[in-house]
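Read the single chain below, which is given as structure tokens and is the form predicted on its own.
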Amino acid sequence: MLNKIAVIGGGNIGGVVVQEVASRKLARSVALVDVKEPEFAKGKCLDIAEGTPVIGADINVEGSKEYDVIEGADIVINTAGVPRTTRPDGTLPTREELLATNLKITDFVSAGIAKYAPDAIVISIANPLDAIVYRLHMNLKKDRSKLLGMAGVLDSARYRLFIAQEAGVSVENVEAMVLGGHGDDMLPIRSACRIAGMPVEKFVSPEKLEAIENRTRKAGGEVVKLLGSGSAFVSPAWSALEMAEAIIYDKRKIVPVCTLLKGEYGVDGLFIGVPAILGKNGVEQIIEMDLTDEEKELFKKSVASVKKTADEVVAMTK
């Protein structure tokens, strides 16, 4: 159990993270900061706190509009950002407009972390994932072991679910990994996908696998379309908590993590989703997978997309 976990952003994802931290008893204290409404974070935290006697959790749950509530946190989970929602006139903001808005929010987030939790390990969920993690790195200049983006855990979970459903087996039997950026060029690694240790092709046809991999790349949008308003929130929260628990319990667990590469996979200076060992120090080791020639080319394409996004972030900074 940690002393304190902080959550930035009290929307759907942030709310699930706070209640799960309390119910799983991951820290003695959990703090939520949300700047939207004066008492919003306090109200959300009071609701959760009033339920802690029911679940037997002696956890302090505190919310505030001010960033000082996160002071001394061991882990900070960032969910702050605005979704791409329809304007009153029926139009949607452009990708550039959404990115510009969320980068400004990320600058405020960075300032709060730097002032009140400078030594914390930061796990960021906010989208666009690749851009937000890159901006946090620009602002905080943290060692790469202490700044992580959550995307691959969720993308891999979606891939595993779709495989399990098609094969008619338990999700526990499916082992899979999705690498690259968190977008349409993400890369499900078919060569590493196993069902109970056996190649996935033994259970699922190539045609079905291709359809599943395409669905995995578009899975976030599928949820958005079905909901009608908002985006996925439970699965991203659980995925970030899998990363947090690997750190809290020093599991040294291999999971796909958006992390800063320094020559691995032939990439330098970009945050890319790759397998990494997570332990008490954060990212403790990056694992270089053996990819097929086709997967190598697709990985390069995904890296190029992330590079384009990083260049946009730098340009917007200027």
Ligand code: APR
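Numbering starts at 1 and follows the sequence shown. Since this is a predicted model, take the numbers as computed values, not measurements.
Just so it is clear, the following notes concern the form predicted together with this ligand, a form of the same protein that is not shown.
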>> Contact with this ligand in the predicted bound form for Ile247, defined as at least one heavy atom pair within 4.5 Å: yes or no?
In response: no
> Is there any non-hydrogen atom of Ile8 lying within 4.5 Å of this ligand in the predicted bound form?
Replying inline: yes
>> Taking this ligand as it sits in the predicted bound form, is Asn12 in contact with it (heavy atom to heavy atom, 4.5 Å or less)?
In response: yes
>> Taking any heavy atom pair closer than or equal to 4.5 Å as contact, tell me whether Gly81 reaches this ligand in the predicted bound form.
In response: yes
>> Based on heavy atom distances of 4.5 Å or less, which listed stretch (137-145, 120-128, 171-179, 195-203) is in contact with this ligand in the predicted bound form?
In response: 120-128
> Quick one: of Ile277, Leu26, Ile59, Val35, which gets a non-hydrogen atom within 4.5 angstroms of this ligand in the predicted bound form?
Replying inline: Val35
>> Exactly one residue in Ile212, Ala157, Ile105, Ala164 has a non-hydrogen atom within 4.5 Å of this ligand in the predicted bound form; which is it?
In response: Ile105
